[in-house]
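Both blocks below hold the same protein chain, though in two forms, and each is given as structure tokens: structure 1 and structure 2.
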Structure 1
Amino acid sequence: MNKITILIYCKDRANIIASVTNFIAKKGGNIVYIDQHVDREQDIFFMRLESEFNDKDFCTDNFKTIFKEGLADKFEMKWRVYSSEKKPKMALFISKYDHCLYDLLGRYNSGELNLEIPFIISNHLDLKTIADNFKIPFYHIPVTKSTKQDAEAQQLALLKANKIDFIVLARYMQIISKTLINEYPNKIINIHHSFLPAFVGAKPYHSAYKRGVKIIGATSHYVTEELDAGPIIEQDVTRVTHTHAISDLITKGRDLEKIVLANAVKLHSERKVLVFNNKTVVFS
């Protein structure tokens, strides 16, 4: 049994759903999941579809060719086809905070995440023991103003050598350069410790405290060149009161950050996210 996931978007027009489902059926596929959305403002059609093929000789690469020629080109679709057999490879970038790291590795260990983590990169050595405990290769690549370019070249080499599909910044605390962003467009996931677009930039818990908000949040988004302005994948919030000092906001926020980032990682690795016009479509 071969199972593939297809993600599509294109200009909306009549009969797309029937055309796609008909095409799959004719190629011998059984559709087991379909979800679609039409953005009426932009007039764009989005779809996610899972299909099973019993044919022993089924080949995902062949399917891509006939899908492109027989259907996608006709509708001028942007599309991606994934085989469920190939787990996505995720690189973890960390720094000194351990809460998101523990959380992701705990989930990884328990089988909750359907992905591979070939390695962890950090600009500090503080969390090496954790990587060791979980038996994941750890690369220490310090970053200073003068070494930033070199550091990034090392990172990029590691990413390429390991055929990394996407990067997760688990409180990495460094600005990602244009070069890396362009190599991994909508494939670098960040966790920002505020309810975006409120409190962009550094020290959002301090700003939240100063403004006296009654709810704090965390936001996971794809990294784009503009700081904290990329497409939002997932957000969550929790209540606070005047009794919470900044340190309390930080502690409470950690629980949000962990869960929001883990959810974003799951959605991305299960190929449930499409990006259009700096916004996400997150399929069910």
Structure 2
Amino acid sequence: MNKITILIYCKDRANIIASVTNFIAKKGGNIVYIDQHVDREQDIFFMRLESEFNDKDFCTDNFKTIFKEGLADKFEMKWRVYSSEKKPKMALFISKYDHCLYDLLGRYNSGELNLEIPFIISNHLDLKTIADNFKIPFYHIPVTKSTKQDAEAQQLALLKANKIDFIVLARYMQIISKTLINEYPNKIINIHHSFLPAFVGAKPYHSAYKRGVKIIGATSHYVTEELDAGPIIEQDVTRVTHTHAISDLITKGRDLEKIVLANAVKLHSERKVLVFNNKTVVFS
């Protein structure tokens, strides 16, 4: 059984859904999932489709060619076809905070995340023992103002050598440069507390506590050149009251960060996110 996922967006027009489903049927495919959305303001059609093929000679690359020539070009589609046989490869970038790292590796180890983690990169050695415990290669690449360019060259070499599909910044406390972003557009996932930009700096929860906030949250998004302004993949919030101490806010915030980042990683790795004009369409 060969299973593929197709992601599509194009200008909205009549007969797109019928054309796609008929095309799949004529090629011997059985559609097991389909969802679509039309952005009325921008007149853009979005679709996600999963299909199974029983033909033992089915080839994903051949399907891509005939899909392009037989359908995609006609509707001027932007599209991607992914085979379920190929698990996406995810690289983890970390610094000193361990909560998101432990959570992702725990989910990965239990089989919850359908992906591969070829290695972990860190600008510090503090969390190397965690990588060792999970038997994942760990690379220590220090980053300073004077060595940043060389450090990124080392990172890129590792990413390309291991054919990495996307990167997750699991509380990696470094600004990602234009070079890396251009190599992985909408493929670098970040997590941060939702106080930005209202509560910036090293201690946002302390600032929020002083203001007496009633909710705290977390946001996971793709990285762009504009800091913390990329397309949002997932968000969540929880309520707090005057009875909560700063330590409670930090604990609740980190719990949210773990959940939101894990959900974003799942959505991306399962090919459920489409980016258009710095916004995302997230399919169920």
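All of these numbers come straight from a predicted model, not from anything done at the bench. Rigid core (definition): largest C-alpha set, two forms, superposition within 1.5 Å. Residue 1 is the first residue of structure 1, and the numbers go on in sequence order from there.
Here, the chain labelled structure 2 is taken from the form predicted on its own. Comparing the forms between structure 1 and structure 2, the C-alpha position of residue 243 differs by 2 angstroms or more, with the core used for superposition.
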